[in-house]
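Take a look at this one chain, the form predicted on its own, written out in C-alpha coordinates.
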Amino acid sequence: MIRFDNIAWHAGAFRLENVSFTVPEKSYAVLMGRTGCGKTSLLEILCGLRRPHSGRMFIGGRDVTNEPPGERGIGYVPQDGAMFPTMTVRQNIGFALRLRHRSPDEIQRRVNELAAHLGVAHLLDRLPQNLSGGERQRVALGRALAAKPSVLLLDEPLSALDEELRDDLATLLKKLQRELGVTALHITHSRSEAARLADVLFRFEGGRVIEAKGSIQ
(Lines give C-alpha, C1' and ligand atoms only; values in the text may rest on other atoms or scores of the structure.)
Protein backbone atom coordinates (compact mmCIF):
# COMPACT_ATOMS: atom_id res chain seq x y z
CA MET A 1 0.00 0.00 0.00
CA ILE A 2 1.14 3.54 -0.82
CA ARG A 3 -0.58 6.52 0.79
CA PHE A 4 0.01 10.21 0.16
CA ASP A 5 -1.53 12.35 2.91
CA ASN A 6 -1.84 16.08 2.10
CA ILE A 7 1.55 16.34 0.39
CA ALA A 8 2.65 19.87 -0.49
CA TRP A 9 5.82 20.87 -2.32
CA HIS A 10 6.87 23.91 -4.35
CA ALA A 11 9.77 25.06 -6.51
CA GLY A 12 9.57 28.61 -7.82
CA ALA A 13 6.09 29.17 -9.24
CA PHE A 14 5.29 25.44 -9.38
CA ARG A 15 3.30 24.00 -6.51
CA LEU A 16 1.84 20.69 -5.39
CA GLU A 17 -0.83 21.32 -2.78
CA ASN A 18 -2.63 18.85 -0.51
CA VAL A 19 -2.10 15.78 -2.71
CA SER A 20 -3.83 12.77 -1.15
CA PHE A 21 -4.53 9.32 -2.58
CA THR A 22 -3.97 5.65 -1.78
CA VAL A 23 -2.66 2.85 -3.98
CA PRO A 24 -4.00 -0.51 -2.77
CA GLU A 25 -1.59 -3.20 -1.61
CA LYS A 26 -0.08 -5.34 -4.41
CA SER A 27 -2.01 -3.50 -7.14
CA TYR A 28 -0.73 -2.07 -10.41
CA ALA A 29 -1.73 1.60 -10.34
CA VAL A 30 -1.34 4.03 -13.24
CA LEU A 31 -1.18 7.82 -12.79
CA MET A 32 -2.04 10.04 -15.76
CA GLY A 33 -1.98 13.81 -16.15
CA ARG A 34 -0.83 16.61 -18.40
CA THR A 35 2.85 17.37 -18.87
CA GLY A 36 4.22 19.51 -16.05
CA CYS A 37 1.46 18.74 -13.55
CA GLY A 38 3.90 17.22 -11.06
CA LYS A 39 3.68 13.45 -11.59
CA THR A 40 7.45 12.90 -11.68
CA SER A 41 7.98 15.26 -8.74
CA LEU A 42 5.49 13.20 -6.75
CA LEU A 43 7.43 9.99 -7.43
CA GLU A 44 10.68 11.71 -6.47
CA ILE A 45 9.12 12.91 -3.22
CA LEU A 46 8.02 9.37 -2.39
CA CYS A 47 11.53 8.08 -3.18
CA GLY A 48 13.11 10.69 -0.91
CA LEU A 49 14.83 12.55 -3.75
CA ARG A 50 12.76 15.63 -2.88
CA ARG A 51 11.46 16.58 0.56
CA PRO A 52 7.82 17.62 0.92
CA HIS A 53 7.14 20.93 2.61
CA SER A 54 4.20 19.37 4.44
CA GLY A 55 2.20 16.17 4.57
CA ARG A 56 3.14 12.55 5.14
CA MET A 57 3.69 9.39 3.09
CA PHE A 58 3.09 5.78 4.07
CA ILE A 59 4.24 2.46 2.62
CA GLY A 60 2.47 -0.60 3.96
CA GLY A 61 1.20 1.45 6.90
CA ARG A 62 4.72 2.68 7.81
CA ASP A 63 5.38 6.42 7.83
CA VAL A 64 8.38 6.89 5.49
CA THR A 65 8.24 10.70 5.26
CA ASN A 66 11.52 11.19 7.09
CA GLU A 67 13.24 7.90 6.30
CA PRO A 68 16.45 7.87 4.21
CA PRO A 69 15.77 6.93 0.56
CA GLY A 70 17.56 3.59 0.85
CA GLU A 71 15.39 2.45 3.75
CA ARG A 72 11.98 3.02 2.17
CA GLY A 73 11.74 -0.31 0.34
CA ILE A 74 11.25 1.37 -3.05
CA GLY A 75 12.52 0.40 -6.49
CA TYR A 76 12.51 3.33 -8.94
CA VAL A 77 12.82 3.32 -12.73
CA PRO A 78 13.24 6.93 -13.94
CA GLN A 79 12.06 7.95 -17.39
CA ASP A 80 15.45 7.69 -19.08
CA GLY A 81 16.52 4.62 -17.12
CA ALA A 82 19.48 6.58 -15.67
CA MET A 83 21.96 3.77 -16.27
CA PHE A 84 25.46 4.21 -14.89
CA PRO A 85 27.44 4.52 -18.14
CA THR A 86 30.77 3.16 -16.87
CA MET A 87 29.20 0.09 -15.22
CA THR A 88 28.36 -3.15 -16.98
CA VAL A 89 24.84 -4.55 -16.98
CA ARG A 90 25.91 -6.88 -14.18
CA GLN A 91 27.19 -3.98 -12.09
CA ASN A 92 24.12 -1.84 -12.79
CA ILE A 93 21.72 -4.56 -11.65
CA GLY A 94 23.77 -5.31 -8.54
CA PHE A 95 24.29 -1.67 -7.55
CA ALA A 96 21.65 -1.48 -4.79
CA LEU A 97 22.90 -4.72 -3.26
CA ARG A 98 26.48 -3.47 -3.13
CA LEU A 99 25.27 -0.32 -1.36
CA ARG A 100 23.69 -2.60 1.23
CA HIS A 101 26.97 -4.50 1.65
CA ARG A 102 25.55 -7.83 0.54
CA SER A 103 28.05 -10.63 -0.02
CA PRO A 104 29.48 -11.16 -3.53
CA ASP A 105 27.82 -14.59 -3.72
CA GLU A 106 24.40 -13.17 -2.81
CA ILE A 107 24.80 -10.36 -5.35
CA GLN A 108 25.79 -12.79 -8.07
CA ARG A 109 22.81 -15.06 -7.36
CA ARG A 110 20.34 -12.19 -7.39
CA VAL A 111 21.78 -10.61 -10.54
CA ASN A 112 21.70 -13.92 -12.37
CA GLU A 113 18.13 -14.58 -11.22
CA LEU A 114 16.88 -11.19 -12.41
CA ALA A 115 18.85 -11.32 -15.66
CA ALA A 116 17.18 -14.64 -16.48
CA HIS A 117 13.69 -13.27 -15.64
CA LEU A 118 14.29 -10.16 -17.76
CA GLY A 119 15.93 -11.88 -20.70
CA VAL A 120 19.24 -10.03 -20.40
CA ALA A 121 21.53 -12.82 -19.15
CA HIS A 122 23.51 -12.68 -22.40
CA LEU A 123 24.14 -8.95 -21.88
CA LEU A 124 25.64 -8.99 -18.38
CA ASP A 125 29.13 -7.92 -19.46
CA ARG A 126 28.02 -5.15 -21.84
CA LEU A 127 28.07 -1.43 -21.14
CA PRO A 128 24.83 0.60 -21.42
CA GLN A 129 25.88 2.33 -24.65
CA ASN A 130 25.91 -1.08 -26.34
CA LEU A 131 22.29 -1.83 -25.49
CA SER A 132 19.06 -1.12 -27.34
CA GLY A 133 16.36 1.04 -25.75
CA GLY A 134 14.34 -2.00 -24.73
CA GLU A 135 17.39 -3.71 -23.25
CA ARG A 136 18.28 -0.61 -21.21
CA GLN A 137 14.79 -0.47 -19.75
CA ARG A 138 14.94 -4.15 -18.79
CA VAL A 139 18.27 -3.57 -17.05
CA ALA A 140 16.91 -0.48 -15.26
CA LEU A 141 13.97 -2.60 -14.10
CA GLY A 142 16.36 -5.27 -12.84
CA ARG A 143 18.34 -2.70 -10.89
CA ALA A 144 15.10 -1.38 -9.31
CA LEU A 145 14.02 -4.88 -8.27
CA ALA A 146 17.39 -6.18 -7.06
CA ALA A 147 16.88 -5.33 -3.38
CA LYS A 148 13.39 -6.91 -3.37
CA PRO A 149 11.40 -3.71 -2.78
CA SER A 150 7.77 -3.76 -1.71
CA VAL A 151 7.00 -0.77 -3.99
CA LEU A 152 7.96 -0.23 -7.63
CA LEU A 153 7.77 3.27 -9.16
CA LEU A 154 7.93 3.63 -12.96
CA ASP A 155 8.19 7.00 -14.72
CA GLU A 156 7.11 6.64 -18.38
CA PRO A 157 9.08 3.37 -18.73
CA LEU A 158 7.69 2.59 -22.19
CA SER A 159 7.62 6.06 -23.76
CA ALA A 160 10.88 5.81 -25.76
CA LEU A 161 10.17 2.36 -27.21
CA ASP A 162 8.59 1.34 -30.50
CA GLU A 163 5.19 -0.34 -30.48
CA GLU A 164 6.43 -3.94 -30.48
CA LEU A 165 8.91 -3.32 -27.68
CA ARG A 166 6.26 -1.45 -25.68
CA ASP A 167 3.95 -4.44 -25.93
CA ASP A 168 6.67 -6.87 -24.87
CA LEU A 169 7.80 -4.78 -21.89
CA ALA A 170 4.23 -4.03 -20.78
CA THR A 171 3.57 -7.77 -20.67
CA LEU A 172 6.76 -8.29 -18.67
CA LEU A 173 5.95 -5.49 -16.21
CA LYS A 174 2.53 -6.90 -15.41
CA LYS A 175 3.89 -10.44 -15.12
CA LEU A 176 6.69 -9.42 -12.73
CA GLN A 177 4.38 -7.26 -10.62
CA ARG A 178 2.03 -10.20 -10.16
CA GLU A 179 4.78 -12.75 -9.51
CA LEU A 180 6.73 -10.58 -7.06
CA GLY A 181 3.69 -9.14 -5.29
CA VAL A 182 4.97 -5.56 -5.39
CA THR A 183 2.75 -2.48 -5.31
CA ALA A 184 3.39 -0.58 -8.56
CA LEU A 185 2.78 3.07 -9.42
CA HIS A 186 3.32 3.77 -13.12
CA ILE A 187 3.25 7.17 -14.86
CA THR A 188 2.15 7.33 -18.48
CA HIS A 189 0.48 9.61 -21.03
CA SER A 190 -0.82 6.64 -23.03
CA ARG A 191 -4.47 5.70 -22.64
CA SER A 192 -3.91 2.30 -24.24
CA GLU A 193 -0.98 1.63 -21.90
CA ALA A 194 -3.11 2.58 -18.91
CA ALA A 195 -5.99 0.38 -20.08
CA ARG A 196 -3.65 -2.56 -20.49
CA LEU A 197 -1.80 -2.29 -17.18
CA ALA A 198 -3.94 -0.54 -14.58
CA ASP A 199 -5.74 -2.35 -11.79
CA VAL A 200 -6.56 1.13 -10.54
CA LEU A 201 -6.27 4.38 -12.49
CA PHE A 202 -5.60 7.85 -11.09
CA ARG A 203 -5.66 11.23 -12.81
CA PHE A 204 -3.85 14.42 -11.84
CA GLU A 205 -6.46 17.17 -12.37
CA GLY A 206 -6.50 20.69 -10.98
CA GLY A 207 -3.68 19.95 -8.56
CA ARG A 208 -5.50 16.93 -7.11
CA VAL A 209 -5.17 13.21 -7.74
CA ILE A 210 -8.51 11.53 -8.33
CA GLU A 211 -9.33 7.86 -8.80
CA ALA A 212 -10.85 7.20 -12.21
CA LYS A 213 -12.56 3.95 -11.14
CA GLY A 214 -11.02 1.97 -13.97
CA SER A 215 -12.30 4.29 -16.74
CA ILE A 216 -9.92 6.20 -19.00
CA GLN A 217 -12.51 8.08 -21.01
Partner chain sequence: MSAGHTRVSPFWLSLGVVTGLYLLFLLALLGATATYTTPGQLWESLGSREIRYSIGLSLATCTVSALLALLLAVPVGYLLARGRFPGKPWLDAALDIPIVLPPMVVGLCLLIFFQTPVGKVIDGVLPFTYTIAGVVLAQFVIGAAFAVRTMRGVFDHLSSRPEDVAMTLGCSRGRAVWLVTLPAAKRGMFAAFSIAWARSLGEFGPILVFAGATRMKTEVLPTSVFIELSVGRLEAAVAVSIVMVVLAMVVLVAVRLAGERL
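Model, not experiment: these values are computed from the prediction. Numbering follows the first chain given and starts at 1.
Separately, the form predicted together with its partner chain exists; it is not shown, and the next lines address it.
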Residues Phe21, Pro52 and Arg56 all lining its partner chain in the predicted complex, heavy atom within 4.5 Å: no
Interface segment, criterion being heavy atoms within 4.5 Å of its partner chain in the predicted complex, picked from 130-138, 69-77, 102-110, 117-125: 69-77
Its partner chain contact in the predicted complex: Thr40, any heavy atom under 4.5 Å: yes
Heavy atom of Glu44 within 4.5 Å of its partner chain in the predicted complex: yes
In the predicted complex: members of 69-97 within 4.5 Å of its partner chain, any heavy atom: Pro69, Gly70, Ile74, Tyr76, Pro78, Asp80, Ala82, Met83, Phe84, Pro85, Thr86, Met87, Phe95, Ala96
